Structure formats: C-alpha cells, structure tokens
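Below you'll find only one chain, the form predicted on its own, shown as structure tokens.
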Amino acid sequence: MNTAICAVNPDQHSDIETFDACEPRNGAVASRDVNFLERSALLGIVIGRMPKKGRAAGICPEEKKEEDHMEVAAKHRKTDSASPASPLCFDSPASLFQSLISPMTADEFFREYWEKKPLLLQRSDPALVSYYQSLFQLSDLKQLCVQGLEYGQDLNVMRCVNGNKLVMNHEGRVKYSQLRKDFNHKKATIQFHQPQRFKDELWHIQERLECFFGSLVGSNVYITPEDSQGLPPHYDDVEVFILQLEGQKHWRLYEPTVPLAREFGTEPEESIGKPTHDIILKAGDLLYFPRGTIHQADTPAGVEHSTHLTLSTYQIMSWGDLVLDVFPGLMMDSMKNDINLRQGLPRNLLTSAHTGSEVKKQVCMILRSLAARLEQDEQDLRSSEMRRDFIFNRLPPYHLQEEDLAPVGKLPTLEDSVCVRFREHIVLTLEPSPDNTDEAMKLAAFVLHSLRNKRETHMMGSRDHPEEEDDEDEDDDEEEEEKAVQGLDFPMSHLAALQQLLSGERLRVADLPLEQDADKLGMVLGLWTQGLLQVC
C-alpha cells in the first residue's frame, strides 16, 4: 500500500513530508456488543410500544452553544472542571470534524487519506495544546478513582515486556494509591476505557462525530510513564484518530499485512520488518491511520509521561458487512415470489462429503438472478441489524435532559405544519411486524431513536457481576423494557409519509401522502408523543 504522512504547519499548509504507514488504536471500539441477531430478536417483539410517559477558533464565526444552560443528569458530570475555550466548532457534525483536522479540509482528507494512508498534523498552537490537555490528564485519575472504577471494566494496567502484553490488573475496585504505585515503580501503562462516560467535552465531541460518520465512535486514553511501552506491535479493526494530550509519544508504524483489517491482530516484531514511519507526537498533534496498520508506541526517555486519546470508528462498517446484513431480508422477499427458490434440495445433500459442481452452478445462478432482480427493484434494501446496533448503542444527544424528551408545543392538527426534532438521532427501518402471528410474515416501518440511550454505558458492553446473578433476570427485563420504548412501528402504508417527514421537510399534516386523515393524525401524534416531532 502506497502511504504517506502529511506534517502540516498551521501557518504553512504546503509543508508536507512523505513517509509510508500508520498507527494505534488499541481496542477503543472492540468492547461494543455486536451480537446483532440475538439482540434484535429480543427487541423486535416489543419495540412498537408507545412510551411511558458549540465559536471555534478561526473556523466558526458564530458559536452556538445553546446547550450550555442545561444540566446533565449523568452521575459523572462532576468530574469536569473549568475548561479553556474550545478551538473546535460544534455548530454541526461536519464543522466539528473539519475543525478537528484543521487546517486540512475534509474533502482532501477523504480523497487522499481515508482508508488509504496515515496523516500526521503537527500543530504548536498554545490554545490547542491547552484544550487537548483539558480533555484528559494524568491528574484526573485521583478524582475518577473515587467513583468506583473497576479493573478490567473501566481500566487496564499493562506493560509490553519482551514483545508481549503483560496485564497487571488487580482484583475489584481501583485504588488510586496502588494505581500510581504501578505507574511510577512498575512503569505500567494505564488504559482508561471510554472516558466520554465521565468527561462532558469528550461526550460532546464523540456525539458529533457519531452523527458525522453515521457509525459508533469509541475512545480510550493511554497514559504511559517515561521510557516504557504499553502494548506490543498490533493492528486494529477501526479507523484511528490519535490526539496527543500531554507529553510526547514515539510511534513506529509498519506496512499492514491485512489492509483494512476486520479483526484485531498482533504481529511479532521480527516478522514486520523495519518501520515505514518513525514519529514523535507532541501535545496538540493529531495522527490518523487506517484500520489494519501495524503500530507500536512508547514514551521516550526524558519525557515524564505521555497521555494520548484514541478516537476510533468504522468497526464492522464495510460493504461486506452491509451485504451480510441485507442478504437475509433480500432472500426472504425473493422466496415469496419465486417458486424456484422454494423447490427442495437434492436428497442427502446435507450428508454428502462434497457439494459438487452442479450445486455450485445452481447457487451461482440464484445469485445472478437475485442481482438482476435487485437492479430492477425500486424498493430499498432492508438494512435492519446494522442500523439497530448503531441507534441502540450510540451516545444520546449532548446535554439532553429528561424534560427534553416530553412532547413539545401544541398538539398537532391537520392544518398545522410539523417538522422532526433530533433528526440525527433517528433511523427508519423495515422489519417484520411485531404483530405477526403464525401467518405469513408482514413488514412494518420502524422509527427508532437514541434519545434515551445512557451515556454512562456507551461502548461498554455488558457488565459481568457474578455476585448479582439473582438479580440478572429482573435487570435484563428492565433493560429490555427501557430499550422497548425507543421507537414506534407503523404499517407499510405509512412508509412514504415517514420518509417525507424524516427528509427534514416542513410539512402540513393534511398534505402527508396517506389516504385517511385519521392515519395522518395518528402518525404525527405518535411521533409528537415521543418528542420526535413538533408544530413549526
């Protein structure tokens, strides 16, 4: 893979050095639950229930921080201290990403670097350095440790020894005195999982990035003492953005053995050759590299410690993953209308040692027929599991309060014009209706949202507490009930009207493409009740 790194001086965008590779992530997204089918089987039964009752420096001339007056219900909000003015622009997801990679443009980034080669942005702006440090620093750990952090779940303590990862976790709760002892005396790296659970500014950044990418965005913080390394050479299954927050970090990048890898992997140092890049990352710098890039990093001698933030995204977001997601629905729909797909298999096919060439030919013929039919079909592909996974596991809107979830304004009537709220946190899917019985499967249009998602559990998977097994069933029921109120289902006859509303248009209720006025009112009242629509 032909790769390059671009060292950009804030005053000279043309100052470009050419190198050759990539850098690290270390599991920031890997903790997410990707068991799509099992979760969806549970959620699909109950999803239809009605509910119970930022100016960027040099980029955004007008700063719109309408959320500033709001208080956060999250129990971890108290860990945030006064922060310097943000050099990032939160006016829109696109402006946030643009300000993050400034002075490079987003168009150039996606044309030249995304999924292709690494990018190094070296920036010495004191305001940016101060802002980066405010996101997370070593001194934050003392206050965080009093909030019941657990080894393994909230952080790992580790060190790379003779090319191997040595995990040095203790049992149970994290004690700050022991953590600093391991850091100072054993030169252990502290890997802090998903700090956006505790840090409001990271919540804000990652929520905007999830809107921008349309994909989950996880994060880890790595704090490594002088002359030490936390992880051996490895590659990740996510796109990685490294923000150097404190100190310096020495990165060595190597040519990928699995470009755009779909899984995490380690590589022995003797097999990866010489580094294609040898970089010192300083506070305020940003480094991007594609998934699959082999990398390792250490804190140089003479540097007290290094703190960097890893932002990672696009796990399980390839074309192959999409085909895996839509193919079952495509095949089921095709079998309804094609008797050839419903004909029985040859006798004893499943017990044969080999499938044989005739079976392969038949499968190829079916796939070609499906492709031809798909090109002619005007109906959208049914991508349900990937959309569900994203909407149910992403961050909620920044600083959203319980009262913001209540219906807003007057009750809509036929003569009112309405518009959708929280559009970036809503998806529309086509799935089997929850009202299906033993009859032939019927589809329904589902409007799913992430307004009631929990920031405290973002990207953390399921917590395992054996001592609480007796309460697990009850807790699981409560969790499923909580998720069950995060959407509505409508008949397929409502699909065109829903698509029109979710396109962002301001529409008169009476003009919605539904035959009956009762259906028009029923649909908008359902959305209004969940706080997803208002008279405008």
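Note that residue numbering begins at 1 and tracks the sequence as displayed. These figures come from a predicted structure and were not determined experimentally.
Note that the form predicted together with a small molecule isn't included here; everything after this is about it.
Annotated contact segment (heavy atom within 4.5 Å of the small molecule in the model of the complex): 234-242, selected among 317-325, 105-113, 234-242, 122-130. Residue contact with the small molecule in the model of the complex: A297 places a heavy atom within 4.5 Å of it. Contact annotation: Y222 falls within 4.5 Å of the small molecule in the model of the complex, judged by heavy atom distances. In the model of the complex, none of the heavy atoms of G218 sits within 4.5 Å of a heavy atom of the small molecule. Contact check for W251: a non-hydrogen atom falls within 4.5 Å of the small molecule in the model of the complex. Taking T276, S384, S99, T310 one by one, only a single residue has any non-hydrogen atom within 4.5 Å of the small molecule in the model of the complex, and it is T310.
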